[in-house]
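First, one chain by itself in structure tokens, the form predicted alone.
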């Protein structure tokens, strides 16, 4: 097999601060910018690349293209006014923000959502997880030239968005999970229409297996590339599929069950190589897990029951002093909300813990040196990050 060992004897040496001493005047190095691209999995952020030939010597992430300031916006609104904001912290999977915030408010206010609402929340979260993975599978294929995968997965994602629209009245920002429960019940015949979507998804996923995961070019370009040393998981805060691809079977749905996950039967998918291919295969397995969970939920959940608990007048709602942290397992890893209240009608402090903050910045900058220019996009997509979580 052909092998090539590049001569790195002329590479820049690290300075006293550990950073590379790069002199662009020598003509050996060139600055390139990857992004900001939108729409896309890695949109709204950019990476400043220093290259020598076609190999990346250094990569610096740059954010600030959104300037959302979500947390401060939320701290200046009443508890119910926060809801149009939280879902925008992560556009492709907004429902996790709704759940974490609602659960945090309920914890401090002493409210317990009804059983029916707990099942509905679990259904919504798995539908959102499914859609997030559709974006990933289409994105990782597109980053390596397999454009058809993006078209297939966008179509399947649109089918699930049809079910979201039927259930919540909206396709992207649903605002369906509220403190005390959810906004409504399943429409009549929803189960049958959802099964049609899941059957269609499985047919297209079988095509993805043949076209992408069995593709020798895809394997060659992803195996052994972008390897994350498991020793970095703790110091870099690596969670979710990025950690499970390195053999760490951590999933909050199993480790710290919330909602009704303790009543559902599923296994946590793992791999061992910790490279781009391993991360893609773990997420492919997670898609099937979400499909199975949606079927279980629709079969086991109550057919009737209250969707909302009794809550105070939301226009004059004051929550006692306290603090709490609510976490869960989103498609990218641990997602959490830290909420502090001071007895007034406004949150004192809200902090959002999204996995994109560590994965898209510190971890990416560590992995990118030595990568070929053509593999940078695939490396970024393989970490499955959403920039709005960073500029929260």
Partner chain sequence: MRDIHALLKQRHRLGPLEPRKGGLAFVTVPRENLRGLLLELRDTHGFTHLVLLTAVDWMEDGLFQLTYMLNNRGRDLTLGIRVMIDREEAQGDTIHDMWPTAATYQRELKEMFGIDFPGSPRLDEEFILEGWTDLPPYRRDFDSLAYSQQTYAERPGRVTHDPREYMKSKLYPDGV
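Positions refer to the first chain, counted from 1. Being a predicted model, the structure only gives us computed values, none of them experimental.
Another form exists, predicted in complex with the partner chain; not displayed. Remarks below refer to it.
Shown alone, this chain has one stretch from 192-200, 128-136, 68-76, 281-289 that lies within 4.5 Å of the partner chain in the predicted bound form by heavy atoms: 68-76. In summary, among the residues 314, 271, 307, 186, the only one with a non-hydrogen atom within 4.5 Å of the partner chain in the predicted bound form is 314.
Interface residue among 277, 261, 116, 236, judged by heavy atoms within 4.5 Å of the partner chain in the predicted bound form: 236. The putative spot formed by 253, 364 and 370 is not touched by the partner chain in the predicted bound form; no residue has a non-hydrogen atom within 4.5 angstroms of it. At the 4.5 Å threshold, heavy atoms of residue 338 reach the partner chain in the predicted bound form. At a distance threshold of 4.5 angstroms between non-hydrogen atoms, residue 346 is in contact with the partner chain in the predicted bound form. Residue contact check for residue 124: none of its heavy atoms lie within 4.5 Å of the partner chain in the predicted bound form. Taking non-hydrogen atoms only, residue 323 approaches the partner chain to within 4.5 angstroms in the predicted bound form.
Interface residues of 99-127, taken as those with a heavy atom within 4.5 Å of the partner chain in the predicted bound form (partner not displayed): 107, 108, in sequence order.
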